[in-house]
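Okay, so here's just one chain, in structure tokens, the form predicted alone.
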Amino acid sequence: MQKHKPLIEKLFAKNYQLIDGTDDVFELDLALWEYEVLSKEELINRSAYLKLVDGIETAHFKTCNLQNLEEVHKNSSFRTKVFFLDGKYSTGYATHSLFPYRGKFHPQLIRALLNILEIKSGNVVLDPMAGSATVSVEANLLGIDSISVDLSPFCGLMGRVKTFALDLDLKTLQSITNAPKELLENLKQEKVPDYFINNKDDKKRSYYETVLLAFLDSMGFASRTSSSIDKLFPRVLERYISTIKYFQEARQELGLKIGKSKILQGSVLNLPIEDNSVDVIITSPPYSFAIDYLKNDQPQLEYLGYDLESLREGMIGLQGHGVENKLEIYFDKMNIALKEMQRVSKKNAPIIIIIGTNNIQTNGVILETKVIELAERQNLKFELELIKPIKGLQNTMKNESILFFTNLK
């Protein structure tokens, strides 16, 4: 029998090793792309999928292991603990686990995309439909500045907290959170206490917003379980503080330089951004009407004092009656969104759109095909499609597409 050489040994040099769980074809593709594009030093400092580079542990691998997820999730449910431990390198590190948001990116994927596009310090990354600001967090972890835009004020809160928590003063956070019962009693009032959102000291306000997000996280848990918010809030707040603490320790030990973020409330249909000002766009629009994000976030938005119906009018994928009418409105708005992305990005800037199709909901209309068609009308050249499988027995979508475009204007 002819001796077989394993695929990984064929792809990578000796003493290069992938992070555990890097086994999907698209992950191997991205890992190899990183390997081809980045220098040895860059691979050590930036790689998303490599554990060892010529025998040296990568910064991403070290960061994830320094965060002590067993300790952070010691009071979490078994299901939650398993989810984050299984996603140790893909989604559970840094500040991504502060309010796990439905439908968010896998951060590890975003890191790889920034690497293969050769985005570095001095560039500006934009996500114009940012959700919980995963793109901004990943850019900031690599020392890159970013802009997040989302119409939902709750998403704005998540983005501010997750990016601010990458580089805060831990002693200040601990001093503000040393009386959780008193904080809880204030937060249980009918509206957000003024000093949580209107503090004249912007930095101090950011610390209080971290507490506020922990409260809203607890509110969500309480609505899905039989536990009371009185019991949940101290545990969730402790988890937030531990998450931030262990990341700060890892950041300091590894000397990570954190980039800056602008978190803006606004619409992708009319971006509050200058023409020709961003170097790369990475985003994921709503998958037609697959998820009603406003309904999903209703308790948090109502607590924050926002009217859902006024927000709904500006959202993509939440208007219309019947499949045909909903898709017509969806594609009309996506066309405007693509035009805006073309406007604000520089010439030859890469634009990546991650999207999937629920064939049952769309009556067989493939969103990816239509988005490519609309993008090319806006002078965005289609370059490449990578297929990413969606894992989980209950998912009605089996794959999502990573679509690569270049702005030709």
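A residue's number is simply how far along the shown sequence it sits, counting from 1. Since this is a predicted model, take the numbers as computed values, not measurements.
As for the form predicted together with a small molecule, it is not shown, yet the points below apply to it.
Chemist: Please run the contact check for Pro128 against the small molecule in the predicted complex: heavy atoms, 4.5 angstroms, yes or no?
Modeler: Yes - in the predicted complex, heavy atoms of Pro128 and the small molecule come within 4.5 Å of each other.
Chemist: Determine whether any heavy atom of Phe215 comes within 4.5 Å of a heavy atom of the small molecule in the predicted complex, and answer yes or no.
Modeler: Close contact is absent here: in the predicted complex, Phe215 is far from the small molecule, nothing within 4.5 Å, heavy atoms only.
Chemist: Can you tell me if Phe83 lies within 4.5 angstroms of the small molecule in the predicted complex, counting non-hydrogen atoms only?
Modeler: Answer no; every heavy atom of Phe83 is more than 4.5 Å from the small molecule in the predicted complex.
Chemist: Would Tyr101 sit within 4.5 Å of the small molecule in the predicted complex, counting heavy atoms only?
Modeler: Within the cut-off, so yes.
Chemist: By the heavy atom within 4.5 Å rule, which residue out of Leu109, Ala94, Cys155, Val236 makes contact with the small molecule in the predicted complex?
Modeler: Spelling it out, the residue with a heavy atom inside the cut-off is Cys155.
Chemist: Of Gly87, Gly143, Pro180, Gly266, which residue is found within 4.5 angstroms of the small molecule in the predicted complex when only non-hydrogen atoms are counted?
Modeler: Answer to the contact question: Gly266.
Chemist: Among 302-310, 320-328, 145-153, 249-257, which stretch has residues with heavy atoms no more than 4.5 Å from the small molecule in the predicted complex?
Modeler: Single hit among the candidates: 145-153.
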